[in-house]
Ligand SMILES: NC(=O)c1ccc[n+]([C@@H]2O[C@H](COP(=O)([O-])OP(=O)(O)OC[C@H]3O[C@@H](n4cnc5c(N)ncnc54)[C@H](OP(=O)(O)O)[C@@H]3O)[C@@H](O)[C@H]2O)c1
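One chain comes next, on its own, written out as structure tokens in the form predicted on its own.
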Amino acid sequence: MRVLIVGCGYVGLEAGRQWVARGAHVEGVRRSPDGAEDLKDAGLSLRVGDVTCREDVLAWPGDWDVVVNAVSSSRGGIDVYRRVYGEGTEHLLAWMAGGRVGRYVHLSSTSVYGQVDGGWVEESSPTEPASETSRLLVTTEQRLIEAHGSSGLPVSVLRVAGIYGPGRGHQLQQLLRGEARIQGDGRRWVNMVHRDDVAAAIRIVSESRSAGRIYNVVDDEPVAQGDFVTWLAKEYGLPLPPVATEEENAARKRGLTHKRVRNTRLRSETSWQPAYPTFREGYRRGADTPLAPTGQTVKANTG
């Protein structure tokens, strides 16, 4: 089995590692050779290339069982989003038209749901986000689904919730730096998923028979933001975070959503079962706990 992972970073590397463990040949695309040793250690081969450069993409060999697009905007603005997701997707579509790709898996985001009423959302829910960057993600999804309908592109789109895992956990890092705050009344819903479960979803969806489908990749339990940071503080023996000031709330209010995301379709249509069904399991596994800024592993209380 031959797998190409475009944007082989935090999630892509783990997906590649899981495929290699099953005997696949996996190549990871990165814009530079930085981190080549990480890929080598995981059993992947490095291919240097930039998805925003049409010449780079068209030069890649075109015979793959699975192609995964896990590129990141690296927290860039709308111009970066246009290059990475808009232009990058067009480059990949042109490249795949000239080769054989068994399945194309595109990673999107649950930020495409702009709901603010705290209700449940699923794949059929409206995707009308307030932010320009999330609207561009919706446009990219639509372009791919249209390509499936017009040319038979074997695509699957994964809308991924907030990712945490080894070395990553935004709220915990804020607690460690003393910067965490309970936002507003603390009731805004947070939707998360462990990195390893995202990687497993990529692999499992690529093996499913149905294409042209969109799946939410999120764990089983949304949690109120205030409850989550309070739980983290108690679990790691850290001071309880204060409530944000009116000024801090006002600065964060723009673009925030308030919704609970279902994973029912992914669970019912594939064999995916999260190894970390809630944030509690994810943050209580020693080696899977995010790292402190100094590099030491933060251990959860076990009592």
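Note that residue numbering begins at 1 and tracks the sequence as displayed. Just so we're clear, the structure is a prediction, and the values are computed from it rather than from any experiment.
The same protein has a further form, the form predicted together with this ligand, not shown here; the description that follows concerns it.
Among Gln174, Gln142, Ser72, Ser151, the residue placing a heavy atom within 4.5 Å of this ligand in the model of the complex is Ser72.
This chain is drawn without this ligand; in the model of the complex, the residue among Ala147, Ala200, Ala161, Val138 with a heavy atom within 4.5 Å of it is Ala161. For the candidate spot formed by Val11, Val51 and Tyr85, every residue has a non-hydrogen atom within 4.5 angstroms of this ligand in the model of the complex.
In the model of the complex, at least one heavy atom of Arg168 sits within 4.5 Å of this ligand.
Contact between Ser32 and this ligand in the model of the complex is found at the 4.5 Å heavy atom cutoff. Among heavy atoms of Gln183, none comes within 4.5 Å of this ligand in the model of the complex. Although the partner is absent here, Asn216 is not a contact residue: none of its heavy atoms lies within 4.5 angstroms of this ligand in the model of the complex. Checking 89-97, 103-111, 124-132, 205-213 against this ligand in the model of the complex, the stretch whose residues place heavy atoms within 4.5 Å of it is 103-111.
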